[in-house]
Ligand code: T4K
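Just the one chain here, the form predicted on its own, laid out as structure tokens.
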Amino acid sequence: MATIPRNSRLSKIKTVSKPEQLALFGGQPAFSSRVHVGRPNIGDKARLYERLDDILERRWLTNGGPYVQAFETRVREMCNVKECVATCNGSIALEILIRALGMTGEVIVPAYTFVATAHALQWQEIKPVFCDVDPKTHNLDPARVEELITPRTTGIIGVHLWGNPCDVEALEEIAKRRGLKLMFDAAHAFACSHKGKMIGGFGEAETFSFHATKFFNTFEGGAIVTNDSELAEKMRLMRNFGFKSKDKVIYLGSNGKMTEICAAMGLTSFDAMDDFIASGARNYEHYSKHIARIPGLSVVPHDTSEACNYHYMVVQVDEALAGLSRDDLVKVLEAENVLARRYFYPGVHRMEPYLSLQPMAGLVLPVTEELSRTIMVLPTGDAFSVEEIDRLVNVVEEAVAHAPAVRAELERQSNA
């Protein structure tokens, strides 16, 4: 096993020639500390501290201060939309938009998404009707959407999964023809485009998440963007208890405001966004090149002709070709201190309360079920180097090369 000096996270390069050298069998882990999929991008800390100091000196910490206003302007300009309503997180953004659009009854959503998409409906006693996705794009299949529309259907929520846009035109045509509201959960798709148009201006409105694990973060935060100024004004009331002015409440509302400190982090993320995207693109290309040599593994592609944030590194595992399942490889990597994730396992329809409320949903979700079994997400981002990618890919390659021994060891450990 060759060795070279390395950073604190990795002590040496691991070149496996025998399965016993994998950490699963007791070998030294490739990474000396845990490597998470969603490690935050930070940007220029000195510039962030300057902004935080200014906020503290102003003593204007929330309630739509100058940093939130500046952040909303930057988001609006980047998305080329008329309105941006910044919120405390992406879930509240979904809930406010759903309510502002007047959705009731049933709303069609993918089951292959983060659970917040469905929760934002169920929380308001709206039934999420789970729809299957396209096996290539992993986004809503418009043909399946059409089949699920009933007299109780009031809307459709598309999710731009992995930053790859939905079939926007097909969904807009269905919504218009059937008289339905259409919105998009764009939590993965900030700074991405569709046919040359930035994500943000499709449907009635779109929501973003700026959670710490996103490539672009505000610590915790979200936003709703739209070209409908009347809708935006309603949502501004809703995020601030319905206050129109100091003592005048004119609408039912909640507290969904973004703080000045979170907005300062957002502006700092804007400063470094090009660098974040460049490192993500570098990692995507490097992963793609090297994973291509491993039987049974394929990278879920991005359309590189469009703007893309390259936030997610998504790999699909064909067990018949690899000799190992997705779950097997996740366990192999976990032993090496790489916490690869099974997105979006097991599918929202198999989570509560939906499993109890709609126990047969999986019968009409074959693609969702397949993706839930075969997709894993690997670490990437500004803090993950090409050398580390080489190390991770080498582990996976060797595990596949010694698949029978790996399967036997995993079975032994499960029975121990």
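The shown structure was predicted, so the numbers you read here are calculated from the model rather than taken from an experiment. Throughout, we count residues from 1 along the sequence that is shown.
FYI, the form predicted together with this ligand isn't displayed, but the following is about it.
Checking V107, V338, L94, M238 against this ligand in the model of the complex, a heavy atom within 4.5 Å turns up for just one residue: L94. Exactly one listed residue, out of L321, A143, A212, A278, brings a non-hydrogen atom to within 4.5 Å of this ligand in the model of the complex: A212.
In the model of the complex, every residue of the candidate spot (F114, T117 and G221) has a heavy atom lying within 4.5 Å of this ligand.
Interface membership of R326, defined by any non-hydrogen atom within 4.5 Å of this ligand in the model of the complex, is ruled out. By the criterion of a heavy atom within 4.5 Å, V37 is counted among the residues contacting this ligand in the model of the complex.
Using a 4.5 angstroms limit between non-hydrogen atoms, A187 touches this ligand in the model of the complex. This ligand in the model of the complex comes within 4.5 Å of a heavy atom belonging to Y312. Of the stretches 343-351, 55-63, 380-388, 25-33, only 343-351 has residues with a heavy atom within 4.5 Å of this ligand in the model of the complex. Along 65-91, these residues reach a heavy atom to within 4.5 Å of this ligand in the model of the complex: N89, G90, S91.
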